[in-house]
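The chain that follows stands alone, in the form predicted on its own, written as structure tokens.
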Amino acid sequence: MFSVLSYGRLVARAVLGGLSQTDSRDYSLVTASCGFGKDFRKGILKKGMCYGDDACFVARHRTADVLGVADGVGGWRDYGVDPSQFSGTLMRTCERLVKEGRFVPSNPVGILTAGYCELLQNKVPLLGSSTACIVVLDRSSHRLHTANLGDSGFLVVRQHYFNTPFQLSIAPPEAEGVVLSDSPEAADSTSFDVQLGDIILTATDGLFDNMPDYMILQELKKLKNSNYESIQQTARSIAEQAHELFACDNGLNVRGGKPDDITVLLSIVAEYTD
């Protein structure tokens, strides 16, 4: 896993250069999504913004733009549990909290924590696990705040062991202590300034495991401008190419085979228009 954002920022400034780097205007994210589930056709969404066991959301508030991706752990299927239920419900809950203004832009971990706590208090038992990544752009401060738990997103993270990243989990009582689980507070978080034209690529591991860094950068270089149509086309191209590639599943620097759900959120920092 690598810091996609650091690469994206360099590419964005090379491709979309010429924009003012300091101003008093509010910023926003122009975001397009694309993906597919490994058992579904490309670009076909399940209920909500879900591609297979992956889930995502894009939410706007007067103070910030917020993105989220989550990757449901497929192993729950062995216990008769639909992995997409946990990731999808978590992302929908986080989206609702943002739209209701129940968050602080500088604290994306708080969004994740609040969403997870609601799942724990759900009257209908909800079992499952997922990784999660939340990205928040504070409009007025021009700062990006992120929280990442697991191998979704763009941050380098620690893993329990191969193919088992840090994850939020709700296990049945008899499985407590056996199912791997981490608290939202364990998420890696960071904050930094962004500039107009910066590119932000947020995705699940289905992208990063299947598509090499240099190929992602090659696609980002093709991004012509900050129009939604251009961003959507590039997001689709990235997701489709990742689907056609094979990822290494044994830690060696060779191509192997790892079919996986893929979710891509591609964003460009632009001037905010109400």
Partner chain sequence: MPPVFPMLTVLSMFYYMCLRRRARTATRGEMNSRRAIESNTRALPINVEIVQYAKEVLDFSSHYGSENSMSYTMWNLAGIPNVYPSSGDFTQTAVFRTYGTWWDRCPSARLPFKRTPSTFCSQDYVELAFEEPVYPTAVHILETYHPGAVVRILACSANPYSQNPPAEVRWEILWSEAPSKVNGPQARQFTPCIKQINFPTNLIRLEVNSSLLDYYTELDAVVLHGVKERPVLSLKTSMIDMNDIDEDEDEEKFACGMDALNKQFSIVTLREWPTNGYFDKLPYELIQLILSHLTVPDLCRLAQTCKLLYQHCCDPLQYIHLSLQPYWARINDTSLEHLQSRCTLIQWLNLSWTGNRGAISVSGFSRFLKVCGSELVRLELSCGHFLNETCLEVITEMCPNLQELNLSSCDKIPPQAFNHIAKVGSLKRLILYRTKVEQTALLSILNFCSELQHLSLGSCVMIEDYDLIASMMGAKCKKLRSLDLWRCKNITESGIAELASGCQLLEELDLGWCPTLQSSTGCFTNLARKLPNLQKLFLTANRSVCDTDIEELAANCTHLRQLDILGTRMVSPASLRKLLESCKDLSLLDVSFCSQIDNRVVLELNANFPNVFIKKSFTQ
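None of these values were measured; they are calculated from a predicted model. Residue numbers count along the first chain shown, from 1.
Just so it is clear, the following notes concern the form predicted together with the partner chain, a form of the same protein that is not shown.
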item	value
All of 222, 229 and 235 with a heavy atom within 4.5 Å of the partner chain in the predicted complex	no
Proximity of residue 100 to the partner chain in the predicted complex, heavy atoms at 4.5 Å	yes
Contact of residue 122 with the partner chain in the predicted complex (heavy atom, 4.5 Å)	yes
4.5 Å heavy atom contact, residue 77 and the partner chain in the predicted complex	no
Touches the partner chain in the predicted complex: residue 188 (any heavy atom, 4.5 Å)	no
Answer range among 145-153, 192-200, 131-139, 114-122 for contact with the partner chain, defined in the predicted complex as heavy atoms within 4.5 Å	114-122
